[in-house]
Each structure stands twice: as structure tokens, then as C-alpha cells.
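So this first bit is one chain, no partners, the form predicted alone, shown in C-alpha cells.
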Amino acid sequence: MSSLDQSRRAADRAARESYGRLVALLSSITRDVASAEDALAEAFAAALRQWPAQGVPHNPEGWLLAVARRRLIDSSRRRGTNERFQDHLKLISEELDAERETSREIPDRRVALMFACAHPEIEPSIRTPLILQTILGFTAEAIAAAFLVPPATMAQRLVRAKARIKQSGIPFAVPERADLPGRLDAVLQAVYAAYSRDWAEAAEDTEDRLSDEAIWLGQVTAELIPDQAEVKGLLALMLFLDARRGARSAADGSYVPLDEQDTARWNLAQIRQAEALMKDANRMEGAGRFQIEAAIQSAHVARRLHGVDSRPDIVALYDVLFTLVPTPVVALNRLVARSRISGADEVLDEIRQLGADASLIDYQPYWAARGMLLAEAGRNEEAREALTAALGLATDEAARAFLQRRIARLPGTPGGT
């Protein structure tokens, strides 16, 4: 491995494991998340310039922190910031130096810092995006894709949120344990968004998967707040999905849908763990979004592994989920589930009407589902158009290979059946 590759891997690891911790330490004094992120971005850029020639430092996170802190000091001097701020930076510098003496590595406190981003004075709709960007390192474009909004709109919302944090003096600090349940929803949504981003890439099989990190964050949260059913529901949901990871790709690398997967390749240990979490969650009061989604995945498992006709249960669960989360994505999944009972013809008009929602125009799974249902109904030309649209929006090579194969099978396609 070249020195450049080693440097990039070290920087990627530091970004994944300590980005939130570093931003929190820098912004806890400045109360300016944007400035802290800018300084840290400059530190990472400096690392990629210097580490290939000088070697990766023994403590990469400490190196990044020191460089980012110097950038903040330089920036404050250029702006003529008052001496009080300079004193604060000096104090945090001394504190961090003392911390490094007792630990060669900066502790990973992402879960705690995610709760810090969910402060009640921050607008609820921006808490999860703020966590994704500030703690988990998502770009505004990636966050926008997760929330089905234009990237420019999401970028503006994040900028406004950070400006409000600075202007209002909202503390970027780890909350007391008693305050955690009130901030839980935004944190769980962020963890699931992190998992979903990785899960969407069927072909990805890297050593450092974001989905693994999301499961770990879910496990830490479950240990931190063991009496919240939704935490267990989310962890169960991720484990149910992850149990099928090995069966999602064929030998040629193409995507394999759930109904065609080889169940012998499913991870039964993860499935059993997920089922146990579901039982624990069901003993608690209430039933939230993640519990319902986990129950849907459990029903899929029962159908494939044990031959149980769980299709009516899946539709009923989607009905409940839609009352909790009335989004176009849930509506789409609900219609697909109904088609498994009543047939594609019965839902295609509703699928078409759903496509009028502007948020679904560039949503690849919508066009893929629509194309597959049109093909089942024998409407081959329309199916070809929809599947071609899905192919054009697909970024994952496994999904592209699957769609190309399905288009090739359509009657009327050269070589099709």
C-alpha cells in the first residue's frame, strides 16, 4: 500500500471515529459549529498533504485537533476577536494536552454528541440532519437524498441551524442522562439514516461499512437507554436487514431481491438476536415506527424461512406504519406489499398517482418498483420506460446489473423473452 493510500485510510478512519468528538471539542468553546467544521476540514486537507511525505502520526486525532485549533486561533486573530476568546482557546488547549497524556487515543463519544445535537432549542426537523452532518460526516447532498429534498434546500437549512446555535448560545454539550429520552427520536432517525445509506449500496462489501457503525451505535444507545422500546426496535430492524446482506448479491455481483434470495445464506444468529429484541420491545408500552418496521421484516423472515403466509400481516403492518409515518416512501412500500396479495393491476393506478409527488421524481426505488409491477402486469413498453428511468438513477453497480437483466428479459427487447 502506498503512503498516499495509507494516509487516506488513516484520515478516513479518524473522520469516521472521531469527527463528532473533534467538532464538539472545538465548538464547545466557540459555540460556532460552522467555524469548528471549517477548521477541521482544513486540518484534514493538511493531513492529506503532509502525511504521505511525513508519515501518519501515532495519534492522528490529536494531530488533527492541534492543527484545527491553530486554524481557529489564526481565524480569530484575523477577525480581531477579543482576548476572552483567546483565553478560552488556551484553556481548552491545556485541557486537551492533559487528556492526551492519559490517553493516546481520543475516546469515541459519538452517541453522546448525537444527543447534544438534539438540543430542544434546535428546530426538531433539523436535528437529525445536523447529527448526520456534524457527527457522522454526511454531506448536505447525501442528507438531502435521505430526506428527499433538493440539496440546496438542505444546505440552507443546515447553515441556518448552525447560525442559530451560534447566535442563541445553544450549548453543544453532552446532556444529562435524564434528558436523553426527550432527544431520542432524532438520534434514532440519524442512526437508521446512516444504516440505510450503506444498505442501499447492495454491491458494497468493504471492511469498514457504515452499516456496521450504525449497528454499533444502535447497540450503544440500547445499553444507554434500555427501557425504550423504539431503541430495541431500531436495533432489531437493522439486524433483520443485515442478516440478509450475504444473500443480496449473485455470483456475478448483481442484486438479488428478497423473494429470490437463498435463505441458506442468511445469518440466522442475527435473526435470532433481532427476534429477541423484538420480544423485549413488545413487552414495553407503545409501538413506534422502528418497532413496526422490525415487525415487517420479522414477517418476511417467517414467510421465507417457515412458509408462513404473512402477506396479510405485512400489509396490515404497513397500514399501521403509514398512520405513524405518512411519507411517500412508506406509501410506495405499502402498495408493493398489497400487490403481493391482489396483483400488480390492482395497485398500478395508485402507484402512478403517487409518482406525482415531486419528492419521488428522482427516487430510484420508485421507478424500479413501478417498472417491476408494470412488467408483472404485462405492460412491457411502460415497464421498459420505468426500468430505464430506474437504471439511469441507480448508482450501485449491483442494482444496475439487476435492472439491465430485467430490461433484457422484457418481450420486445432484442434477446428478450
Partner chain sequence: MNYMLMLYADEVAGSNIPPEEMKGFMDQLHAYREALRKANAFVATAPLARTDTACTVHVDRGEMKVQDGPYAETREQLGGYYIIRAENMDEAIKWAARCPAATWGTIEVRQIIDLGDE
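Just so we're on the same page, rigid core means the largest C-alpha set that superposes within 1.5 Å between forms. Positions refer to the first chain, counted from 1. The shown structure was predicted, so the numbers you read here are calculated from the model rather than taken from an experiment.
Another form, the form predicted in complex with the partner chain, is not on view; read the next lines as being about it.
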Heavy atom within 4.5 Å of the partner chain in the predicted bound form: which of V325, A173, L180, V149 fits that? Just give me the one. V149
Does R157 reach the partner chain in the predicted bound form, with heavy atoms at most 4.5 Å apart? yes
A389: touches the partner chain in the predicted bound form, heavy atom cutoff 4.5 angstroms: yes
Going by a heavy atom distance of 4.5 Å, is A394 a contact of the partner chain in the predicted bound form? yes
Is the gap between I361 and the partner chain in the predicted bound form 4.5 Å or less for some heavy atom pair? yes
Can we say W367, E385 and R400 each have a non-hydrogen atom within 4.5 Å of the partner chain in the predicted bound form? yes
Counting only heavy atoms and a 4.5 Å cutoff, which of 228 to 236, 209 to 217, 264 to 272, 149 to 157 contacts the partner chain in the predicted bound form? 149 to 157
A152 C-alpha shift between the shown form and the other one of 2 Å or more, rigid core reference: yes
With both forms fitted on the core, give yes or no for whether the Cα of A337 moves by 2 angstroms or more between the shown form and the other one. no
CA of I143, rigid core aligned, shift of 2 Å or more between the shown form and the other one: yes
By 3 Å or more, the Cα spacing of S249 and F147 differs in the predicted bound form; is it closer or farther than in this view? closer
Your call: A146 and L188 CA atoms, closer or farther in the predicted bound form versus the shown structure, by 3 Å or more? farther
